[in-house]
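Here's a solo chain for you in structure tokens, the form predicted alone.
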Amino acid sequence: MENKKSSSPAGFIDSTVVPGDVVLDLSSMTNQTIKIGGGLRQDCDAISVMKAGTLRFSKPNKYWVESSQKRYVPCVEDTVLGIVVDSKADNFLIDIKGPALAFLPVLAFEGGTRRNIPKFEVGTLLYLRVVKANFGMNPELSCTDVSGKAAEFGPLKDGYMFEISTGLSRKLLSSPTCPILEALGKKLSFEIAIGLNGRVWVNATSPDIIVIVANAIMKSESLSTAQQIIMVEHLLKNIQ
């Protein structure tokens, strides 16, 4: 069977793609820069699909394949929730649900020096950014944004962490705001950190709020927007 090919990705966006589909020919694009996310790979001038799913695009120039799965494939600039599993002299070893452990250099923090290396116990939950994700190599992480600032990255204390599919995590981080988060945010006050690796952390002043938010998110994947709003209203009755 002959693979589909296209010099323009427009015909593929929001459509189902399968491994082997060539969704973009870089030789036909001059003076343009694109970013490729999960599910895509570059082979010379061809951008091809690595896993079945839906091709997505976000302005100005990022493409990725969206699919609902538990396994996470790291990609540069992804934000993830990682769990410390070990510490070495130069790195922390982090579980990000990928095919291999990732490493977090001890200096990959705002103002990081050998004199102020952070200490994390095994099991510490961190909000991180993927900075390197080369095939066949352990991903590299950072606790800073692209400007070297800590921003929202770092340890996530207290709260509750749970797992969802990678497809749902992308929907939660989509713009405009995901309907389920918008509906919850209108009624409840809570903190949330969402990783593209299918992990979510929620914290609030009340355990009941944490339970409601977690349950609503986990049940939302197969629901329409209207059904999500109805579900939130039903769950809120439990704390009224």
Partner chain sequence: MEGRISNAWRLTVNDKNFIKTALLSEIRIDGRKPFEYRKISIKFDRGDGSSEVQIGQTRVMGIVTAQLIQPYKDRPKEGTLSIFTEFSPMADPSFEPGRPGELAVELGRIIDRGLRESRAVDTESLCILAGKYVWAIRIDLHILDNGGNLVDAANIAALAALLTYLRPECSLGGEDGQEVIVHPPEIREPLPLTVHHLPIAITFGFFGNEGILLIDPTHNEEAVMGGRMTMTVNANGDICAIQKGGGEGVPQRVIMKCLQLATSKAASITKQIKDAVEAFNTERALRKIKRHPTSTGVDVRQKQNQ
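Predicted model, so just to flag it, every value in this text is computed and none were measured. Numbering follows the first chain given and starts at 1.
We do not show the form predicted together with the partner chain, though everything after this point is about it.
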One residue of I194, I210, A183, V49 in contact with the partner chain, assessed in the predicted complex (non-hydrogen atom, 4.5 angstroms)
I210
Under a 4.5 angstroms heavy atom criterion, identify the one residue in E77, D158, D145, D90 near the partner chain in the predicted complex.
D158
Using a 4.5 Å heavy atom cut-off, indicate which stretch of 127-135, 164-172, 107-115, 77-85 touches the partner chain in the predicted complex.
77-85
Report yes if any heavy atom of A151 sits within 4.5 Å of a heavy atom of the partner chain in the predicted complex; otherwise report no.
no
Answer yes if any heavy atom of N215 is within 4.5 Å of a heavy atom of the partner chain in the predicted complex; otherwise answer no.
yes
Just checking whether D95 would be counted as a contact of the partner chain in the predicted complex - the rule being heavy atoms within 4.5 angstroms.
yes
Look up in the predicted complex whether W64 has a non-hydrogen atom within 4.5 angstroms of the partner chain, and give yes or no.
no
